[in-house]
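Just one chain follows, in the form predicted alone, and it is written as structure tokens.
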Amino acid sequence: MTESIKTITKKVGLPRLIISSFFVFLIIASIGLGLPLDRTLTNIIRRFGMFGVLVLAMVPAIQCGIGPNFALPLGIICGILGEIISIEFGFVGFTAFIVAILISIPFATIIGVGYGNLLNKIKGSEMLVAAYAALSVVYFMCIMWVTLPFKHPQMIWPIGKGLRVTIALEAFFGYVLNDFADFSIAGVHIPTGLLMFFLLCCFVVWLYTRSKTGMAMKAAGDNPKFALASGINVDRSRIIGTTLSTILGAVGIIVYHQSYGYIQLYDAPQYMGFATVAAVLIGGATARKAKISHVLLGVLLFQGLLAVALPVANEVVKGSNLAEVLRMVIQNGIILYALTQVVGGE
């Protein structure tokens, strides 16, 4: 019995067992406190779908050998640009959502190729450079959001210059995926379109990893010297993985914002890369290996904990700021664990 427990613990990982157990405990606690289970499950499912594509962006980055992509804000900025340009052109509804994605992909491709070339010049220091690159671009765009010549009245400040800090999407493409073919089971809302889009993206990435180019990319990440000896262009594979990660980041933030209902500008994208890295590593990935299953499990645990912990904290200590404190403890605690995983490798 003891040996079986040790085997399971070693295979699954003690941190994941603790986090999973804590997740289950919080759900049971929420039921005991009289919180509506249907509302809790609805929030978990919605967060799972809206955050999933952003975490999926970690897979090609890790597989190609650059490690967890802490520079995901580069792709996020491209996605935000696509959203704003789509709104500026007057598109609404599902059309605005699709146009935002189509506009963001060329931006993300150019940025991804440029960033991939940069990483090829500083192999071994990718994660350190990623943090500086992300911060630099985010704060550069803080200037650009004030100076770019957007004119749409629902995006700019009524007095002064520049775009607003948050832009409401209800009149544009807010909830277009969430409301597509949605239904409810026992009071639990299922955002069919949102989940289908996320799973479709997972399927496309899964198919790509099994293509000739995808297998070459993975081989370059697993063992660069052996891949080079086998005739694989390692630098090219790293650029492809970095570019795919950047594109998925751009698409992911558009999916996230349409479900959230708002676009968040200025320094909002600054730390989103840390949360996505934490999620995929919690799901079982390492700095060198990542699979779709790691994404699915990691998103469920990471976002599920946040979805359940906040209402439980509010119910336990009413009229306090404990929920926000608990959110920061949980989120940053998971990120701290994620960073130890990056260093430790397992």
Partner chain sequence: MLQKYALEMKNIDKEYFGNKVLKGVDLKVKPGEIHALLGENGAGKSTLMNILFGMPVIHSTGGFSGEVSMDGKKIEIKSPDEAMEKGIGMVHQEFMLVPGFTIAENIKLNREVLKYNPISNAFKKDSLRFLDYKKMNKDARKALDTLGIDIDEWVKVAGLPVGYMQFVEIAREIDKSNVKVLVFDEPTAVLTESEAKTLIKAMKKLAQSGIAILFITHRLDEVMDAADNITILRDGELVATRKKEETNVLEIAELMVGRKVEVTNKAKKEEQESQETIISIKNLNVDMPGEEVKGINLDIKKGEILGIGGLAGQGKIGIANGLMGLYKTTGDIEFKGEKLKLNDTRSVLNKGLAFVSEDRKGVGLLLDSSIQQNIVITAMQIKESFLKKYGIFSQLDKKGIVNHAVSMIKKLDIRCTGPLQATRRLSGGNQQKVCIARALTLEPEVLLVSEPTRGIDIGAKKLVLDLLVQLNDELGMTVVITSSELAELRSISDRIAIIAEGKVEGILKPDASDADFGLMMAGEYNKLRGKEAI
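Positions refer to the first chain, counted from 1. Here the structure is a predicted model, which is why all the values come from computation and not from measurement.
Beyond what is shown, the protein has a form predicted together with its partner chain; the following relates to that form.
The partner is absent here; in the predicted bound form, the one residue of I159, L207, I122, I185 having a heavy atom within 4.5 Å of its partner chain is L207. Among V99, I232, L81, M155, the residue placing a heavy atom within 4.5 Å of its partner chain in the predicted bound form is I232. The partner is not drawn, yet in the predicted bound form one stretch among 106 to 114, 144 to 152, 255 to 263, 217 to 225 has residues with heavy atoms inside 4.5 Å of its partner chain: 217 to 225. In the predicted bound form, at least one heavy atom of K289 sits within 4.5 Å of a heavy atom of its partner chain.
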